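Quick setup: one chain, the form predicted on its own, written in structure tokens, and binding and motion questions come after.
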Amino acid sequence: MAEDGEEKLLATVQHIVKTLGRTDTMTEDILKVFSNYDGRLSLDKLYATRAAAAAAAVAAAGGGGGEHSVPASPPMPPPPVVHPPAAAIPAVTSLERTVRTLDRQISQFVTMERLIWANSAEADAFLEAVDDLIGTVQELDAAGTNRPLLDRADELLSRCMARLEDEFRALIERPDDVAPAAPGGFASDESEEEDYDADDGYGDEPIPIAKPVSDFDVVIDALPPGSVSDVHQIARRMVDAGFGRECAEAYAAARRGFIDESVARLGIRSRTIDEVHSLPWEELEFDIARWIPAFKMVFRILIPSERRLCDRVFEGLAPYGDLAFVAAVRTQALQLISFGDAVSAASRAPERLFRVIDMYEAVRDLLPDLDPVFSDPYSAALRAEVSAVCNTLGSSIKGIFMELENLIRRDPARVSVPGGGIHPITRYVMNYLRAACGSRQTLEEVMEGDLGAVGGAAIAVDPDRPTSSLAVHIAWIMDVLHKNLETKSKIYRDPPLASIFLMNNGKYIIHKVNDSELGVLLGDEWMKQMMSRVRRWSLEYQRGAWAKVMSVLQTGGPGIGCLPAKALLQKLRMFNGYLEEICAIQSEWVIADEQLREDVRAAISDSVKPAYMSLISRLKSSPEAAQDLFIKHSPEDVEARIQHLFEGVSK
């Protein structure tokens, strides 16, 4: 009985179909409506019943009764498409109906002039249709029996992917225009929501404003959580359909504008290597001062934030997230890296050392933090580029530092410093080295040549290690400076003034070494040698400048070779002349260091004053000389004259 009821139901449906189904499309729509209405009315059963009825009608029309047969009633008009018996209908038939249905559904979406994701219900319906189409294409491809239908489905799939790509880019570039509330999935936690700030004063797009930053533990949420969920859903469909690379390229194109604008707001402009090399140092120094914080911002905040966004959009869709990330950040990353390379290859004038050290330290310090960001094979090349620019900057530091030797050697010995004062090259070199020691850790690292280990553990600096590469190099520079100063001292025609010149510069060097880490690097032994030199130069000065004075003051021992009174008076007159001559000349000489000046004066006074007092005493004790004795300078006057030496205008 149940079977009879089902047959009657099928016959009724077929009658309705024949009556109303004027076209193939109308027939299919009616059959689909009935199949959705009652589980007994599956599409396969309806088509099989319809095909059997058509076959029976054909047999009745062609089978002859004899002469006495009753004329058959006129046959019903055949349906537009005559299907074979149910047992012979291939599986592709239902797939063809599915493709036609999906074509009608999807065409409504892909032809929309407004964005589909502006309406969440329509977006869900479109994604459902896309899922059905992807499954149908895979089934057709697996069957391999209906190539034309597969081509038609592929063409429809391409249209879907093109529209999905448009929606994908719109959600990324203009999230506020289309972002509906996220139905679930990628909901941000509380901390993420606090980090996101859509109101930056520059319109609707959440782009960060360039401000001074000291804390780099910041994440930029460039898309609201709902948009992230939506673009992930689109990305998953595109990858499932075999359009993963196109999806990655679309992501990169959409995000690149944001990254470019962010870097532009940091004040960075693109320069070629030739432009960098031709820039005046003042202008290049300004560019470097902007590059350092920009480099930190980009590689500590912008690029890690982009990696985080890529990982969320392409979660579970490797390697397309890695491809999208590299394509999005590569241009700006390489622009910053190329500037560092250009500076490394530019002039190695010593004054550039400190800015290049700043660049090197900025790159070196962030290298360990880049490992998790550039961990995939596609971005490993960028990580290698950053490491390479760190190495080239380190090599540049070493070259610039060594160029100081050439600068000292090339400094001409043409004009003497008035009064034997401190030479400008001495001031420059010592202040330069003293400032360089402020970056001793970096210089030790560079001079050791351990640039391959950059980004790893820092090289330990031994405070009592005067044999490091840096210490040896600085000692070598000091030796070059010493030889240069000895050459310059020969310009002075007066040997005592040459000794004053060497004393001044030697004492200045000692002061600068004692007052900085140079003393640690050069060591106690070097310091002892330098102090010994200063003492030697002081003795050479005393012998050269005061030898004839001391010779005049020699009167011989009592009772042994005693000089006559006239000879003693002649010595007194000669002493007065020598003293006035020396004081007139040497009052313009300079001993810059106060302690050294006092020590030299004391040494002169200790030698001259007792001898002069002895001469005066001999003259006063001589009856022959007493009547003609005129003492122009008392011992106190001589002392006072000596105390006014070495106070030249230029110290």
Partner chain sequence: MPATDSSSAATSVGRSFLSLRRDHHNHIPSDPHHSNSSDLHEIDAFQRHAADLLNDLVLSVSDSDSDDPFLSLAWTRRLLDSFLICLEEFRAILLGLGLAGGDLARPPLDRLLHDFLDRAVKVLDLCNALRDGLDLIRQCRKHLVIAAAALSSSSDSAAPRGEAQIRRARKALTDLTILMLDDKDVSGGGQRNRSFGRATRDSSASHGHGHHRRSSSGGSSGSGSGSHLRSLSWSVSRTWSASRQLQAIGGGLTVPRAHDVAATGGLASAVYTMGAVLFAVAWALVAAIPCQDRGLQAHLATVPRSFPWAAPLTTLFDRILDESKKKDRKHSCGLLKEIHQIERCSRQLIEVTDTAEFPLPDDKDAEVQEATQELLQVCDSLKDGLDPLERQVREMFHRVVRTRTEILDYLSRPHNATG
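Note that the coordinates shown come from a computational prediction; the quantities given were computed from them, not determined experimentally. Rigid core: the largest C-alpha set superposing within 1.5 Å between the two forms. Positions refer to the first chain, counted from 1.
Beyond the structure shown, there is the form predicted in complex with the partner chain, which is absent from this document and is the topic of what follows.
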Heavy atoms within 4.5 Å of the partner chain in the predicted bound form: which stretch among 268-276, 361-369, 511-519, 471-479?
268-276
Which pick from 131, 525, 448, 166 sits with a heavy atom within 4.5 Å of the partner chain in the predicted bound form?
166
Check each of 256, 296, 355, 237 and return the one that places a heavy atom within 4.5 angstroms of the partner chain in the predicted bound form.
256
Applying a 4.5 Å heavy atom distance criterion, does residue 531 contact the partner chain in the predicted bound form?
no
Contact between residue 158 and the partner chain in the predicted bound form at 4.5 Å, heavy atoms?
yes
Residue-level question: is residue 349 within 4.5 Å of the partner chain in the predicted bound form, judged on heavy atoms?
no
In the predicted bound form, does residue 335 have a heavy atom within 4.5 Å of the partner chain?
yes
Within 376-397, the residues having any heavy atom within 4.5 Å of the partner chain in the predicted bound form are 385, 392
If I superpose the two forms on their rigid core, does the C-alpha of residue 524 end up displaced by 2 Å or more between the shown form and the other one?
no
Does the C-alpha of residue 155 move 2 Å or more between the shown form and the other one once the rigid core is lined up?
yes
